[in-house]
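Shown here is one chain on its own, the form predicted on its own, set out as structure tokens.
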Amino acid sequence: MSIHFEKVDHIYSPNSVFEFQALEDVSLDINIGKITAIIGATGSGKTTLVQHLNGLLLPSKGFLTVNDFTIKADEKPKNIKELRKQVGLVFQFAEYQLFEETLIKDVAFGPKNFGVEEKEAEMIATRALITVGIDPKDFVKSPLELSGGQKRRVAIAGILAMSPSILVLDEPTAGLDPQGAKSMMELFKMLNKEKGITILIVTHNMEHVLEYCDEVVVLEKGKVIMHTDKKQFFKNDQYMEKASIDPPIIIAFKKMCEEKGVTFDSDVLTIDKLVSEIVKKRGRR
């Protein structure tokens, strides 16, 4: 299984006064089994890129392969429902998509739409809701009774009920408080490590990229300008400055120390490791 883009262009409203090229000549291989961050400035093509993964958008030119599916320019993939079952796409503010009377009915809707009997669909929905941390006593509540963070978890449960092998998340922590955002990112980490789900996250939050992601894809004006592991990405101070990316606190602190003549190993990317290194350096005095 793989995710591969081959010379993909995407043009909105072609041959009109509103024509806009959102992606240009994108060739990219995304590793299965990893958590990959998709980053870039507003308008760089991030959301357009990920919406190709389940056929929501089709290339204007080129093609991509996702698992056993090929998505070509202007040609809807065969068995599109199965593709969308394998690739779960969670939109920004996904909680606005909740529509059923109760949480259990909302999450069971997807499996039922694929022909699963109601009783089994509710069992699948139960497992999905428990996975995302919803208390069983809340299953019969209306989505309107939940907090924003809980609603988002229910929306994600609705995707998980389809048993996707790939989960694509567009700014999944937008609008959440710091604790809610951390809890959400821990959920994605668990889904990746314990369930083996490949995770792609469109984000502007560099703290989350550093703490939770394995790899980073950078888009600029519709082009992929970098694809690397996170350690290499955060070594690239010059790029982050040029792109006006605020580095994570620990990276900024390390750089400040280096300007004062105190250097740290490039693998020091957590507070615990940093404290350990500082203690070691003090002990050598």
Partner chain sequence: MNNITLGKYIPLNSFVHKLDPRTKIIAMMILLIAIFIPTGFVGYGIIGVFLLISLISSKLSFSFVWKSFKPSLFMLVFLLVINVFLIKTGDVWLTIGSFNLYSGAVIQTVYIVLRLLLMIIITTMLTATTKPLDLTMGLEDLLSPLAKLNVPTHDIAMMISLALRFIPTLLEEAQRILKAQASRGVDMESGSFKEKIQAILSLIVPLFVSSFQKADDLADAMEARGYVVGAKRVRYKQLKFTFFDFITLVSTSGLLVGLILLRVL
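These figures come from a predicted structure and were not determined experimentally. Positions refer to the first chain, counted from 1.
The form predicted in complex with the partner chain is left out here; the points below concern that form.
In the predicted bound form, Arg84 approaches the partner chain with a heavy atom inside 4.5 Å.
Heavy atoms of Ile250 never reach within 4.5 Å of the partner chain in the predicted bound form, leaving it off the interface.
The partner chain in the predicted bound form comes within 4.5 Å of a heavy atom belonging to Phe109.
Heavy atoms of Gln97 reach within 4.5 Å of the partner chain in the predicted bound form, making it an interface residue.
With the partner chain omitted here, the record of contacts in the predicted bound form names 156 to 164 of 193 to 201, 129 to 137, 179 to 187, 156 to 164, defined by a heavy atom within 4.5 Å. Between the partner chain and the residues Val116, Leu210, Ile124, Leu89, the one pair within 4.5 Å by heavy atoms in the predicted bound form involves Leu89. Residue Leu144 is the only one in 131 to 147 with at least one heavy atom within 4.5 Å of the partner chain in the predicted bound form.
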